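One chain follows as structure tokens, the form predicted on its own.
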């Protein structure tokens, strides 16, 4: 990878005696986005009185650079929670410990979030294990469904049903709209599942080839263009980078939008009067997909604390650990015990967990931010130009070329 210079050279941890290692607490980093989950989680683990963890919270946007610098300076933590999208880059840079031997001892390994596992794999080895999860789903306003003559207990199962529901809700008039999609941002989390649910791909499995120009993606764009043409979305969506999507829904003005599990907590605590349902994001003729977010557990290459770190991993995958994730606002990553782990939670969380564990996907790329996250990047530009503009062919051709150029420059 040409970007190995950015990530830093792989370095081994300083040599300490076994006795010194056993007396020192494990050093662990986590990004600020998951602070509300990981702090009480680590407190519970430490209270058991065995292995102790010293947790440091790192500002999310600084995590990649800080960890790369720490690895180069031989001061990396024993392990950390890393946004799963960055696992391939650090694994390719030879900075992470191979955890493959552990998987042979995990009878539940195949039930762990497939998207997290996929991004943790490299050349037949595993460098990242799932810790926390988030997923995109379709939320819908049951009150608006009822007022529009729709069954609020039967959410849309395909694109045709979404369009039909959106048109009927818009027909209620006023400032009530059937569908909402931010036009200028957050496009990966919300729009990629629409493409995937239709059988499409935007990258090859190894992330080295762009596959933007496909019939499946063109159909997904056509689906959204049709919603826009039918005026079931407010004009404000064109300039929205993401924050306003849930605002309109919470105010009862939007019938359907794609969001994440976090919205369940926001809506139930801040807007208790909103009657809403949660359902997987469907494809043209059925099926579903979800953008799987969250964090992987990764271990710094060369650490001598593997047995102690394994204690934490085993606790995280226990029913107690998975239940703690649910309690503090994350989704469990073990599909086989997700229902038991979430039994004390709002049942709508289980819908998201099942969507992630059965249909969760995450693009594999060492240049993910450049491709998908940048507000001026090719994916957001494609999303805006193709859906709201007049040159679909040109927008797709530009995205395909820009994707491939960015990928080629990084390899």
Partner chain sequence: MASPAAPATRKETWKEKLRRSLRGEGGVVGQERWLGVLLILPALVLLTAFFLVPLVMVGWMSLHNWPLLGRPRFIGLRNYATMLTDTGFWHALWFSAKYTIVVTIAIFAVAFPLAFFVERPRPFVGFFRTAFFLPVVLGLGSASLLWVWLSNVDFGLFSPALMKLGLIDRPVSWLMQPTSAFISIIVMVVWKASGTSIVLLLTGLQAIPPELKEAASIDGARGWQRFRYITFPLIRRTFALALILSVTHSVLAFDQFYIITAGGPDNSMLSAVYWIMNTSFVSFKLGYGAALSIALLALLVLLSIVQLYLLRTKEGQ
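Just so we're on the same page, rigid core means the largest C-alpha set that superposes within 1.5 Å between forms. Keep in mind that what you see is a predicted model, and the values were worked out from it rather than measured. Numbering follows the first chain given and starts at 1.
Keep in mind the form predicted in complex with its partner chain is missing from the figure; the text below concerns it.
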Checking a candidate spot here: are 81, 330 and 404 all in contact with its partner chain in the predicted bound form (at least one heavy atom each within 4.5 Å)?
no
The single option of 342, 355, 68, 26 touching its partner chain in the predicted bound form, heavy atom within 4.5 Å:
68
Please identify the residue among 319, 172, 238, 266 with any heavy atom within 4.5 Å of its partner chain in the predicted bound form.
238
Pick the stretch from 344-352, 48-56, 362-370, 28-36 whose residues have a heavy atom within 4.5 Å of its partner chain in the predicted bound form.
362-370
Interface membership of residue 95, its partner chain in the predicted bound form, 4.5 Å heavy atom rule:
yes
Would residue 374 count as a contact of its partner chain in the predicted bound form, using a 4.5 angstroms cut-off between non-hydrogen atoms?
yes
If you check in the predicted bound form, is residue 64 within 4.5 Å of its partner chain, heavy atoms only?
yes
Can any non-hydrogen atom of residue 90 be found within 4.5 angstroms of its partner chain in the predicted bound form?
yes
For the stretch 121-158, I need every residue with any heavy atom inside 4.5 Å of its partner chain in the predicted bound form, listed N to C.
none
Could you tell me whether the Cα atom of residue 73 shifts by at least 2 Å between the shown form and the other one after core superposition?
yes
Comparing between the shown form and the other one on the rigid core, is the C-alpha shift at residue 301 2 Å or larger?
yes
Compared with this form, is the residue 376-residue 59 Cα separation smaller or larger in the predicted bound form, the difference being 3 Å or more?
closer
